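The data below hold one chain only, encoded as structure tokens and taken in the form predicted on its own.
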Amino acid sequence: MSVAIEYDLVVIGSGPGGQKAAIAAAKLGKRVAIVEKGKMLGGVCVNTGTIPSKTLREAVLYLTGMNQRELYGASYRVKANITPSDLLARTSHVIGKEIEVVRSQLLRNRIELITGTGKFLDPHTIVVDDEQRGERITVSASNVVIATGTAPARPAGVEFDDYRVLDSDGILNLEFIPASMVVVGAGVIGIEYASMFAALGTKVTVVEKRETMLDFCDREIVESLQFHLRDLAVTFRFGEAVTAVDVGPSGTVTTLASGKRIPAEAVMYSAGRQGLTESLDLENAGLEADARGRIFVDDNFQTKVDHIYAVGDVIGFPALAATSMDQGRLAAYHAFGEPSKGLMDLQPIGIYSIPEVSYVGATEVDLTKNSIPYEVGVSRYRELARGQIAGDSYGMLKLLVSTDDLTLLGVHIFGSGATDLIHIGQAVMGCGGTVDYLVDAVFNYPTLSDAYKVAALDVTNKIRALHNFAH
């Protein structure tokens, strides 16, 4: 056994959380190493998750001419016969570029990249096995950040062949574009892929054991999204559980607990994700994971072993690249006693369905439950010049405003550019601004951002009517 190399911080995993923890520590002048197994530099985010799925979405939108159909007719296409290689050419190009960016950032910050699978020997010692080279390295760490991420959960009894029955990782290696598809699970990933395939002309059936989808979102927005997807020939089967998936030479049949049987050329499972903690030998560090492989942390992302932190998807909700990055940075600051403010409560949620959904702050359900009086301002894209120019007549923006002090309590957007537009509302809320700012601010015209002004005027008029009545 070679002598252990000593580091101030060893990060296990190079996804968004791991990268930002490593870079933050390096900027503080610490000696840092990242342990990353095999060909996954950048983690799930770059290789199989966030980046590829959003790139795939962009390719789908472009090649199908989806966004232009309102102007040029339902038969409009940029390319008549879209093949998987058309879609994946763009994806592999972007993944390659992103991996280069990650590699050069680590190099620039003098962070050592150790390739292999890391596991704890004791709370301060990590052994890294590089099976490809047949090497074993031992490192000793004053502090550790676990950022191993997750993999798609694969239910027992389902035969995944990565051809007809796939999970959200396998979907990126799809060999054909199915004419029909069953998506099991109406979570964020399930809905994103269901809408992409629907845009490609696939007849999609979404099966979800709960009675609704995307519970955490605004009800009206979810209904709009559902209506839009039904328009693209998506069928929803809520309150239904899958009991079997049979694969034959010509396709699959999915059997539901209610006795329904759905034939389809392919089945995609998005049944949640499992923390990648099995190979870490956590018990040697005095730690354990829950049934979903997740590690429990406190508000500083510290585990119950003081010098070991965990960040990103491996700690559970919200499991977004955006939040993971900040968690990594804050964990590194805490480990080295650097003052930091902690994560703001105002974290935007973005769902890259077609069309997009994004929100920040409270929903109407939250406010009603907590007896907080509010009024709603709505703007429809079809009333905006930019909405007409862009061919988006279904989009909408909703402001929830306190009738007591006019502060913004929540912003909910459905339609083109939602995930970008949300940050205007987030900024106003983060600075404690009121709806008056949006009424008085001048927005570029024509833009979709102008929706804020329209919605702000709408809600202000309603609140004025209320005050007039009272006086």
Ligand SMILES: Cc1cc2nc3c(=O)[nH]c(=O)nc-3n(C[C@H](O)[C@H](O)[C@H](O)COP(=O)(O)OP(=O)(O)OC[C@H]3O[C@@H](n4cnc5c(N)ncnc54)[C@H](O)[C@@H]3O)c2cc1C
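In this text, residue numbers run from 1 along the sequence as written. What you see is a predicted model; the values in this text were computed from it and never measured.
Beyond the structure shown, there is the form predicted together with the ligand, which is absent from this document and is the topic of what follows.
- The closest non-hydrogen atom of residue 192 lies within 4.5 Å of the ligand in the predicted bound form.
- Interface residue remark: residue 451 is not counted as part of the site for the ligand in the predicted bound form, having no heavy atom within 4.5 Å.
- Residue 31 falls outside the set of residues with a heavy atom inside 4.5 Å of the ligand in the predicted bound form.
- Using a 4.5 angstroms threshold between heavy atoms, residue 321 counts as touching the ligand in the predicted bound form.
- The putative spot formed by 43, 311 and 352 is fully lined by the ligand in the predicted bound form; each residue has a non-hydrogen atom within 4.5 angstroms of it.
- Listed stretches are 63 to 71, 43 to 51, 408 to 416, 424 to 432; the contact stretch with the ligand in the predicted bound form is 43 to 51, by a heavy atom cutoff of 4.5 Å.
- Taking a 4.5 Å heavy atom cutoff to the ligand in the predicted bound form, the contact residue among 384, 295, 198, 276 is 276.
- Of all the residues from 143 to 181, those having a non-hydrogen atom no more than 4.5 Å from the ligand in the predicted bound form are 147, 148, 149, 150, 168.
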